[in-house]
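Only one chain comes next, encoded as C-alpha cells, the form predicted alone.
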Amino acid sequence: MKILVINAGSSSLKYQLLDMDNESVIAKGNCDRIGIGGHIKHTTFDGKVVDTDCDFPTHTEAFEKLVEVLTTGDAAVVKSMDEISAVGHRVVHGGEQFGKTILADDAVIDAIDALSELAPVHNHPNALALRACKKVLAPGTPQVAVFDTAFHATMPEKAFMYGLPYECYEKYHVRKYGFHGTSHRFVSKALADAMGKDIKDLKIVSCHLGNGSSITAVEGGKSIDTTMGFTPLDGVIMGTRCGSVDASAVTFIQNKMGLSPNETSDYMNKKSGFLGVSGVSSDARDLGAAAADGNKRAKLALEMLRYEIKKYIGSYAAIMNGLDAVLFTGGIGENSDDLREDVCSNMEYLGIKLDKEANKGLHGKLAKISAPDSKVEVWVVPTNEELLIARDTKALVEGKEV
C-alpha cells in the first residue's frame, strides 16, 4: 500500500510518499512560495531530484505539480495516482471537535476550515490542501486528517482550563489545547518499544525541542499535561516565541509601545524568544556559537531554555507521582549534546543520572543516554510525524481503530 502524506503550511506543501509494506520513503519534497511565485524540490529514494521554480497561485496548482513530478519525468515514482491508496494530512488544530484521527469528507474539511480562528496560519491552508487533493485524486480515494491537538484531548479539565471567567471557555473555547501531539505520540510509543515495556505502564516526560518546543507529561500512553496552550506561543522559550509570560506584562508592553492586538501577537510570536533575548538569531546553533564567543545575551537565552525544561520535568514528575523516563526529540533535542547534559545535570534527586559518553555525537540516533544506575532512563528518540500519519491513514483505510 502506497500512502501520500501532506503537511500544508500557509505558503508551503510538504509531502512524503511511503510504501507501507516496509514503511520506506519512496519520494519526498516541498512546494513552497505558494501565492508569491512558486518552487518545488522533489527527491526520490534513489537520489533523483527535481528542483525548479513554478507558478503556484494557490495550493491547487502546487498539488497539481506534485502529481506531475510523482507520475512523469525522470524522477517519477508511480505510473499514476491510482497507485496511491490514500492521503494522510497533518492538521494543526482539531479544537474540541476532533480528538482522534478521522476520515476527511466534505463536512470534516469545512469544520477544519471553521477552526481557522484558533489556528489562522495553519488550519485554512490545511483545508485548502484537502480540497486541492480531492480535485486531482482518483474519485473515492480516502483522505485522512491527523490532528496535532488530538493526542492532548486526554488532558483532564483541571489541566486544560484557565482561571478566566468560565464564559471564556463556553463562548470562545479558550482553553489549553496543546500541540506537537503527533510527535509526542510517536516518540512516546517508540520509547516504550525501545525499553521493551508496555506504554500503559510508563510515566514519561517527552521533550520536543526545536524552533518550536513543547514538553508533555505522558502517563500510560496518554497526554495529561503539556506546555503549549491555547496557541503554540505558551510554554518554554522558543526560536521567535516568548513562551509563558505574565499576561499583565503583555498588556503593559502593548500600552507602552502603542501596539494593536495583532501587532502584539506578532511581537510575541515572531520577534521574541531566542531572537528577542539574544539579539543575534532565532537558531540555537547560532546562539551556541555566539555564546562561545562571549555573547552574554546569547548565553542567557540558552540558559533560559535549559532552566525551563528542567523545571517542567520536575513539575510533570510531581503530577504523575513518579517518572520512568525522559526523552529528547526534535531538531534541538536530537542534536544538542550540551543541552541534554545541562538539563540532566543536578537531577540525581529525581533519579536522573546521565552517561556523558553515551550522550555524545548522536545526531538523531535512537539511544539510551542515562547511566546504568540511573533510576530514570533518559533517551534520544528521533521523531517521525510523517510515518505516524501514514500508519494512522493505513489503519483507518483498513477499517481499524486508531
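In case it trips you up, residue 1 is the first one in the sequence shown, and so on. As the structure is a computational prediction, the values presented were derived from the model and not from experiment.
One more form of this protein should be noted, the form predicted in complex with a small molecule, which is absent from this view; the next part is about it.
Peer 1: Is it true that Ala284, Ile332 and Asn335, all three, sit within 4.5 Å of the small molecule in the predicted bound form, judged by heavy atoms?
Peer 2: Yes, each of Ala284, Ile332 and Asn335 comes within 4.5 Å of the small molecule in the predicted bound form.
Peer 1: Of these, Lys356, Lys41, Lys375, His363, which has a heavy atom no more than 4.5 Å from the small molecule in the predicted bound form?
Peer 2: Here the answer is residue option His363.
Peer 1: Find the only residue in Pro142, Gly210, Gly243, Gly99 having a heavy atom within 4.5 Å of the small molecule in the predicted bound form.
Peer 2: In short, Gly210.
Peer 1: Name the stretch: of 146-154, 210-218, 258-266, 120-128, exactly one has residues whose heavy atoms fall within 4.5 Å of the small molecule in the predicted bound form.
Peer 2: Heavy atoms within 4.5 Å of the small molecule in the predicted bound form occur in 210-218.
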